[in-house]
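Here's a solo chain for you in structure tokens, the form predicted on its own.
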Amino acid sequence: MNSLRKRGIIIFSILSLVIVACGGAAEEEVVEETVEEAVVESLDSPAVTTATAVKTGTGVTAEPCPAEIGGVPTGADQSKGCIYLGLLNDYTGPYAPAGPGLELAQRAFWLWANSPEEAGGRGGIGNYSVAIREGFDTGYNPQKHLEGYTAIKDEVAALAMSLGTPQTLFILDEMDKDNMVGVPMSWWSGWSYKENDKGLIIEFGSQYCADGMNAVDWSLENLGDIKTVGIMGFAGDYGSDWAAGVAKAAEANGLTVAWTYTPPSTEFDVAQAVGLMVTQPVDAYFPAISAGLMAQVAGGAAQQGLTPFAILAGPSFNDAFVQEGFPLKGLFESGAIYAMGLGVAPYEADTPGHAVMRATMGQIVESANAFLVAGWSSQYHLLGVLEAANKGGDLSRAGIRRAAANVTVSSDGMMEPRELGQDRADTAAYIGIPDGSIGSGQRVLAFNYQGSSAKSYDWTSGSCS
């Protein structure tokens, strides 16, 4: 396992430079803490009353959390016990530049959540504070993801993050055996359906498929006469999910799809993508690729005299695009390019949750990177699940899993309230325009936007891809 303490020395300086690199049988729990005898209402029903006897299990200790982990304070109350969370991150693979930002924001979230209510925090989870253990480097590789899960599973009550959709799916059977719930760092539409996630995944933010639909509807409402479109993306949970949403909305609105280019990420050819735009011009195109390739595609098309409207999936945008000195700054700020959020609205958004995040993160680092927002917001729903499990008197992994199947969670306005455990997608989206005068590089144009395509689509039919 990588040493987070070594990374802690450099994590803050790394974060300031972060840019997009560019998805069975229950384990027996025997540890138990009893405050006093009480009848505890089952979490099989959402109507959970406050319990006075709290059952605990793996990853929950009577001993307090460490004051810091890897140089990052936990804010733990040293008079309380500790709920430990696991972290499957990427420090050496394709999302390594994003990993430190995601992780730091997640740790900062629990620093805030552990702080006393009179100081503006949440006071932890009942008689417990929460701490994320040392992270494990998966390299964005499914096999290493499984190795990491195996290494940490006996030390944690839940996963604060499991980075990547294929990687998380690869360990899902093991999670099922262990009653291990977790937060994915991906927005695949399949996470909204229990046939896919076994009731273990605590999803958050808008999904790629709904974002694709909303991107089309919003562009038709705001960008003028659009009749012909192109779809671009990586094959797989990210690009295919987005492409499916764009295609469904295009059909619903009577648009012509001139071309669809969705090869595997390792086979994406910028020249071929630009060639499609040259030989089959479109009024707008909708890409779901990496940020690095996005700059090449947009720049290559502009060299050919083509600047159609582009509405980008969240991971396709990088705030570096609008920083001084970037050669394509003018293109990205020209009014021809727009971007969806990375699951949630950007750093400067006007919600109580964003305000708390800014107040906390502002004491740690000078950055407004989108991955800070994704990392922070990802923990809100896990907080709600742990609070419900504690309220129901069962902080064992089985109890946490039952809570995750029944609770309605909120995020101080960062996202719409979400009823977990239901086959229902989150269709509210954020849309912005690149703007270098703003810290996150985007100015908010629409928040919690839901177009007619997403509203009318039958989301009970399952994942889009």
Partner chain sequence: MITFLQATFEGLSLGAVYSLVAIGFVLIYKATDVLSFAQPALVVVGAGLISALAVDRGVPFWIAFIVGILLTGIIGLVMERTFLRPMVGEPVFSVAILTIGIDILLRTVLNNWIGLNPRYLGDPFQSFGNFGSVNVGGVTLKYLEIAALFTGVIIIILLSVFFKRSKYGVAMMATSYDQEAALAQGINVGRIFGLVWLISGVLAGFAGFFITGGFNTLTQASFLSALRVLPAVAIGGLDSIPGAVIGSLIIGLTQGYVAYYQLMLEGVIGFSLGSGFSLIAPYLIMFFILIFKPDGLFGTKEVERV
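Since the structure is predicted, the reported quantities are computational estimates derived from the model, not experimental observations. Residue numbers count along the first chain shown, from 1.
Although it is not shown, the form predicted in complex with its partner chain is what the next lines describe.
**Q** Which one, 279, 78, 363, 256, lies within 4.5 Å of its partner chain in the predicted bound form by heavy atoms?
**A** Only one listed residue qualifies here, and that residue is 279.
**Q** Name the residue from 108, 336, 291, 250 that puts a heavy atom within 4.5 Å of its partner chain in the predicted bound form.
**A** Comparing distances to its partner chain in the predicted bound form, the residue within 4.5 Å is 291.
**Q** Using a 4.5 Å heavy atom cut-off, which of 344-352, 376-384, 314-322, 217-225 contacts its partner chain in the predicted bound form?
**A** The contacting stretch here is 314-322.
**Q** In the predicted bound form, is there a heavy atom of its partner chain that lies within 4.5 Å of any heavy atom of residue 300, even though the partner is absent here?
**A** Yes.
**Q** Tell me, yes or no, whether residue 115 is in contact with its partner chain in the predicted bound form, where a contact means a heavy atom of each within 4.5 Å.
**A** Close contact is absent here: in the predicted bound form, residue 115 is far from its partner chain, nothing within 4.5 Å, heavy atoms only.
**Q** Give a yes/no on whether residue 119 approaches its partner chain to within 4.5 Å in the predicted bound form, heavy atoms considered.
**A** Residue-level check for residue 119: no, no contact with its partner chain.
**Q** Indicate whether its partner chain has at least one heavy atom within 4.5 Å of a heavy atom of residue 275 in the predicted bound form.
**A** Yes, residue 275 lies within 4.5 Å of its partner chain in the predicted bound form.
**Q** For the spot marked by 305, 327 and 371, is every residue within 4.5 Å of its partner chain in the predicted bound form through some heavy atom?
**A** Each of the three qualifies.
**Q** For a quick check, can you give me the residues of 329-353 that have a heavy atom within 4.5 Å of its partner chain in the predicted bound form?
**A** Read in sequence order, the lone residue that approaches its partner chain (within 4.5 Å, in the predicted bound form) is 331.
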